[in-house]
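This document opens with one chain alone, in structure tokens, the form predicted alone.
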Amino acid sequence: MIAHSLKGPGRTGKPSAALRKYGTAGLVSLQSRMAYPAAFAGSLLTYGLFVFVFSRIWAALYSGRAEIAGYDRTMMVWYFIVAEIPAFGFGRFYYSLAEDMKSGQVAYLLTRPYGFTAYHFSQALGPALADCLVLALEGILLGLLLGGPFPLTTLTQGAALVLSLLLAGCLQFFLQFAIAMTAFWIEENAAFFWIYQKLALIAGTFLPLEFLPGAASAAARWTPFPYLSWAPARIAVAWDSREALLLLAAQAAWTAAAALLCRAVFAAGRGKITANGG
């Protein structure tokens, strides 16, 4: 369903050819990112600072307490480390997408022989995966220093965590792309992304859903926001195979829904553009 939703209107061809085409776009984008290692410095520094500051906050908060809402201090340090990986690694798709919309570059891109959404997806995901890998390595090191042993216990848990992070990245892309495409109608749409970021932070990034009041926590589970960070972090620090399956299923469902939303918004907005020439 997701792969079908990625195909731009009017784009046809064999699936294998399409996969090679978009795979090449992702690989080129990844190689461009890896060619400039210093570009990772900003994210690494900010991420490391966030982890250190919040680890100190949790140390103070847990002073004299064994656990809060089922999480002990070590779990909370690792929770924040994992929750921030998709927030940092996949959290900035909107800016390049919105720039293409606002600059008029979208009119040129629509004349190219590829699906508009699929091309952006492959181009954005390659560098984002590299970012996440580097952040994960830094996070593991900081976690061992500040929190204690990594709570990963089995290969099954590790596989579920990796899959959850990948689904979180796909969901981030589709939601941010849908927001960026509101520029078809509203040029200054940054306020929508600002609201999106704050909802994502409240619903599972800074704090687990279990820390929220009961009604707020229950309501949040019916939105896509907890499945951006809370789901992978929950799988990492509070492993339960049945819960993990439910979380992965919810992430997959929201990702498919967001992909369809992208397709619908793009189809509605593309009619407002007249592309002249290549």
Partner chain sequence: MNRPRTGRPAAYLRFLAAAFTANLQAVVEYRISFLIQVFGMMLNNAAFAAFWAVLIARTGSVGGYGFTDVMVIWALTSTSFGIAHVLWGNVRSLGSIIQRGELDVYLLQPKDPFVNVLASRTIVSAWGDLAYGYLVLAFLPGTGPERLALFTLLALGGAVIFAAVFSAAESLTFFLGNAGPLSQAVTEFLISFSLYPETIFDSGMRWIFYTILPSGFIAFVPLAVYRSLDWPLVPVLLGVAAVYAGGAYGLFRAGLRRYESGNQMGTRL
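Computed from a prediction, not measured in an experiment: that's the story for all the values here. Numbering follows the first chain given and starts at 1.
One more form of this protein should be noted, the form predicted in complex with its partner chain, which is absent from this view; the next part is about it.
At a distance of at most 4.5 angstroms from its partner chain in the predicted bound form, all three residues 50, 202 and 212 contribute at least one non-hydrogen atom. Although the partner is absent here, residue 223 lies well away from its partner chain in the predicted bound form, with no heavy atom inside 4.5 Å. For the chain shown alone, residue 207 is a contact residue for its partner chain in the predicted bound form, at least one non-hydrogen atom being within 4.5 angstroms. Within 4.5 Å of some heavy atom of its partner chain in the predicted bound form lies at least one heavy atom of residue 45. For residue 92, no non-hydrogen atom is located within 4.5 Å of its partner chain in the predicted bound form, even though that partner is not displayed. Note that among 166 to 174, 127 to 135, 148 to 156, 188 to 196, the stretch whose heavy atoms approach its partner chain to within 4.5 Å in the predicted bound form is 188 to 196. Out of the listed residues 250, 238, 57, 219, 57 is the one that sits within 4.5 Å of its partner chain in the predicted bound form by at least one heavy atom. Of all the residues from 125 to 145, none has a non-hydrogen atom no more than 4.5 Å from its partner chain in the predicted bound form.
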